[in-house]
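First, one chain by itself: the form predicted on its own, in structure tokens.
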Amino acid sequence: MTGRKPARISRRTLLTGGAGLAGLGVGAVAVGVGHELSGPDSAESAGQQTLPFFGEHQSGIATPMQAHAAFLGIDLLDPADHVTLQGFLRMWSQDAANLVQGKPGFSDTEQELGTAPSRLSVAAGLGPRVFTSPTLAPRRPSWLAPLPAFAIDRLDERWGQTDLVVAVASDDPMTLAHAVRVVVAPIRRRCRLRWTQQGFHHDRNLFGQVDGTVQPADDRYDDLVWDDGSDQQWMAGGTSLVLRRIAMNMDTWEAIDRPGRELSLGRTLDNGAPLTGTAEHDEPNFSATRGGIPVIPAESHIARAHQRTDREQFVRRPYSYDLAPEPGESSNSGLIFATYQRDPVAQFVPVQQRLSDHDALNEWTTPIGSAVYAMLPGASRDGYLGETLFGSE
């Protein structure tokens, strides 16, 4: 035992809104910048690196990707029960503010497991059904709705839309597992945990493709990622999450040769450079030809995903999953593809529509899960996640 004890404010108090987080001695310095940095550099080890909890934005969105992540899809028993929802958000705020600093959660029974936060982040978002009550309906962001039906989708409700999402990430899998339990345990009798999607991050996905290359420039986050409150004032500082689960057919992918894979991607496999370049971040030249044939095929993934307008930009955070195969199968692998953008309808959907219409990679990939969430603005030091939504209620 470490001897550390959590602040003594009861769960009942949190559930009934009687306390903010001020005075608990938790959290770090608030941040208001677009692209968040890990810190501090003087940490004794990587396991002691921390991310802030309090600030204008939630951590884990602009944060350099952690090695492991778990997305928790949660359904409320009654989406119109705002008291219960506020109670969840208060509890998660208190627990997250402690956990990211390597301190125990409020009802932490295994507090030794959380002493190395390893850049732990806990971010929460709301699904469309939360906004079906007469009180919250006028506060629903205009873009918060299921994505259009894409022809390539083979969606399984097992990975579908939920009322809430909590995105937990850390460089340490034990820290991550512990934080997930702290998030889930206090609420398990008051809601339904529909799914947990766990993944790991590497510069490459399981197809060997260098992944997540194209990202917004650091000076575009305020414009492209963070909500400015013009649609819904309470969302200022928040963003949207599109979460897609994409199954990858390893058997058929491995059956084609390397040149065939690179033509499908439009990039080299060794360093992710466009087929017209030499380095990963070289700008692709889609008009270049060799022997009269385009060097980058028009149907390649890079050509179809390439932005057509300035607004078609978003943060890509891909996590691979590799699970035990189903009976009779040899793999159960894929990608948990999380994107963050101010407006998914204007920024994500046009790109996804092109990929659905025609993308060479579609032969080996199948979207099986899809959900959209309003990721809450960050919490102030004397507040909690979601306070701006319920503040005027």
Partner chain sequence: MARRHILRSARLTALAAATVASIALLGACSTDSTDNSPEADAVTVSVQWVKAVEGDSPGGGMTAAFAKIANGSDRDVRIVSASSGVSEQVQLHEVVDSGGTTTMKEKDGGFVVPSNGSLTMTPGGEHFMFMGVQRPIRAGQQVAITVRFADGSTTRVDALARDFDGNQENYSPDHSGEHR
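Numbering follows the first chain given and starts at 1. As the structure is a computational prediction, the values presented were derived from the model and not from experiment.
The following text describes the form predicted in complex with its partner chain, which does not appear among the structures shown.
- Contact annotation: of the candidates Phe88, Phe71, Tyr319, Phe314, the single residue with a non-hydrogen atom within 4.5 angstroms of its partner chain in the predicted complex is Phe88.
- Contact annotation: of the candidates Gly102, Pro79, Gly199, Pro186, the single residue with a non-hydrogen atom within 4.5 angstroms of its partner chain in the predicted complex is Pro186.
- With respect to its partner chain in the predicted complex, the three residues Thr84, Ser93 and Ala97 uniformly fall within 4.5 angstroms at the level of their nearest heavy atom.
- Its partner chain is not shown here, and in the predicted complex it never comes within 4.5 Å of any heavy atom of Phe337.
- Though the partner is left out of this view, Thr109 does reach within 4.5 Å of its partner chain in the predicted complex, counting heavy atoms only.
- The closest non-hydrogen atom of His281 lies beyond 4.5 Å of its partner chain in the predicted complex.
- At a distance threshold of 4.5 angstroms between non-hydrogen atoms, Arg190 is in contact with its partner chain in the predicted complex.
- This chain is displayed without its partner chain, yet in the predicted complex the stretch 178-186 from 213-221, 260-268, 178-186, 273-281 comes within 4.5 Å of it by heavy atoms.
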